[in-house]
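Just so you know, structure 1 and structure 2 below are the same protein chain in two forms, each on its own as structure tokens.
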Structure 1
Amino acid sequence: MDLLEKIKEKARKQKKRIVLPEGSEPRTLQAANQIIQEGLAEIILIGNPDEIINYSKENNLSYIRKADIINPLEHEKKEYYTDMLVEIRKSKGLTREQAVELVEDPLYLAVLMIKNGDADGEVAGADNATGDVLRPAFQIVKTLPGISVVSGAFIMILKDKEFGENGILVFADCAVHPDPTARELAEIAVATGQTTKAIAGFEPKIAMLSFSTKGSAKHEMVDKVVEATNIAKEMNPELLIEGELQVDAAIIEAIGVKKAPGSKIAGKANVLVFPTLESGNIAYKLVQRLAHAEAIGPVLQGMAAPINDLSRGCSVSDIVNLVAITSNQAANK
């Protein structure tokens, strides 16, 4: 069974409640229909009920009748969620008038539902930019204890099985935090180790990447990666992690042996942690395009609840897959 099938199988067993705030977006509706048909999750759609029902009828999406449909403009918990939002954001000066407006925004409503235990996870982004999906999540559900920064991992499935874990590598951060400090980079490494175990299903061997291997270059950017590696080891002494390593030393055995002799990770890494978002985002897209790798994600990590962001260019199957991953994260919580 391949990795995606395993993820789907686990989702089917858990049947988590996933909220899709872009409820009337056509790809989202087609994905929701497929998810319900395949039994991957219970679906809550936020949107105009008439639009959702009409589109479903016109396109033979017969399983949509099994979804819960929430109209963001009028539903029984509107007042209650408004009070909740005022309470959560009062230290930031949010007024009741502002909260009344925000609660009608499906992206805020979805996160409030999760915070209140009315949904287990969220997938959005087919119609909204990353920042607009993430901001309500950062403000309302916040991060896990001990983690201050949310980041995004990609599970990269290569055609060439000689790299990583039988052709699978996990890359991070490729999606969220532009320029992490050493402490934040350490948190990203620890969180990526957890994602690797929980979603990719193997023991992480983490390479902290740089343009230098074990002191071959001197620069403050290299110092940051070395410091991050040390902090990550303090955060989790069990973690198999090494830095700083160049990417060839991290993934190619012969080069790892030469550049970092005696290392347990060099040449065998199955998790690559990039020093900045630029490098991580560019790297995953290059590997996806030039090596024709399958890129599953971004899987958001470090958030106190499973919330995941799609690319606006996503396909129906991207949405189905991300809902299955979100259900797995909810099950592991």
Structure 2
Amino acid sequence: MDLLEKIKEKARKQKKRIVLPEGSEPRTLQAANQIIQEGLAEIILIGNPDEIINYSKENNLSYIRKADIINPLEHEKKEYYTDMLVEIRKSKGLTREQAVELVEDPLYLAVLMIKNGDADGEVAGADNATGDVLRPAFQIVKTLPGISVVSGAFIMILKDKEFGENGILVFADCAVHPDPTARELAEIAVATGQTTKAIAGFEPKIAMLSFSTKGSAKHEMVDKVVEATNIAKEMNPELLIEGELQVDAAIIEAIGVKKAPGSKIAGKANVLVFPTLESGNIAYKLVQRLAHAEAIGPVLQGMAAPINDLSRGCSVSDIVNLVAITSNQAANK
């Protein structure tokens, strides 16, 4: 059974409630139908009920009838969620009139449902920009305790099983934060360790990457990685983490032994934390294209609840897979 099937199998066992706020979007509806058919999650669709039902009938999406369909303009909890939003944002000067308008926005409504425990996670972005998806999440759900930064991890599945965990590596941050401070980089490392356990299902061995290995070069960028490693160890003393390491020392055992003798991580890393978004994004795309690796993600991490963002060019299968991943995150929350 490959990793994606393991993720789906775990999702089937958990049956988490995932809200899809772009409920009238065609790919989302097709994915929702497949998700319900495969038993991957309980689906909540936010959108115009007539549009959803008509599209489903016209396209033979018979399983949509098993979804919970919520009209954002008129539903039994509208007043309750409005009061809730006013309370959450009162320190920011939000008025009730503004709250009434925001609660009718499916992206805000979805996050309020999660905050209230009426849903376990959210997948959106097929029809909305990343900023629009994340803004309500930051305002309402916020980040995990001790974590101030949201980041994006990719699960890289290589054809060469020699590397990582039988060919599986987790890369971060490849999607969100351009130039993290040492503290933020440490938080990204800790969050990526949690993502690795929750989704990839193995014990993380984290390499904090740099162009230096154990003092082989001197530069403030190297100092940042060393400091981040120390902070991450303080945040979670049980975490298997090493830095700073060059990527060859991190993933090739013969080089790791030579450059970092005695290290428990060098040559055995299955999680690679990059010092900047620039390096992480370039690396995952190079590995994806040149090594023909499968890249699953980005999986957003650091939020207090699983909220994931799709590319607007996503396929139906992308939505299905991300819902399964979100269910796994919710199960390991």
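Remember, it's a predicted structure, so these values are computed and weren't measured experimentally. For numbering, take structure 1's sequence and count from 1. Rigid core (definition): largest C-alpha set, two forms, superposition within 1.5 Å.
* Where is the form predicted alone shown, in structure 1 or in structure 2? -> Only structure 2 fits here, because that chain is the form predicted alone.
* To do: Compare the position of the CA of residue 263 between structures 1 and 2 after a rigid core fit and state whether the shift reaches 2 Å.
  => Yes.
* Under a superposition restricted to the rigid core, does residue 304 display a Cα displacement of 2 angstroms or more between structures 1 and 2? -> For residue 304, whose C-alpha is compared between structures 1 and 2 after core superposition, the shift is less than 2 Å.
* Asked: residue 142: with the rigid core matched between structures 1 and 2, does its Cα shift 2 Å or more?
  -> For residue 142, whose C-alpha is compared between structures 1 and 2 after core superposition, the shift is less than 2 Å.
* Rigid core fit between structures 1 and 2: Cα deviation of residue 219 in angstrom -> Its alpha carbon moves by 2.6 Å.
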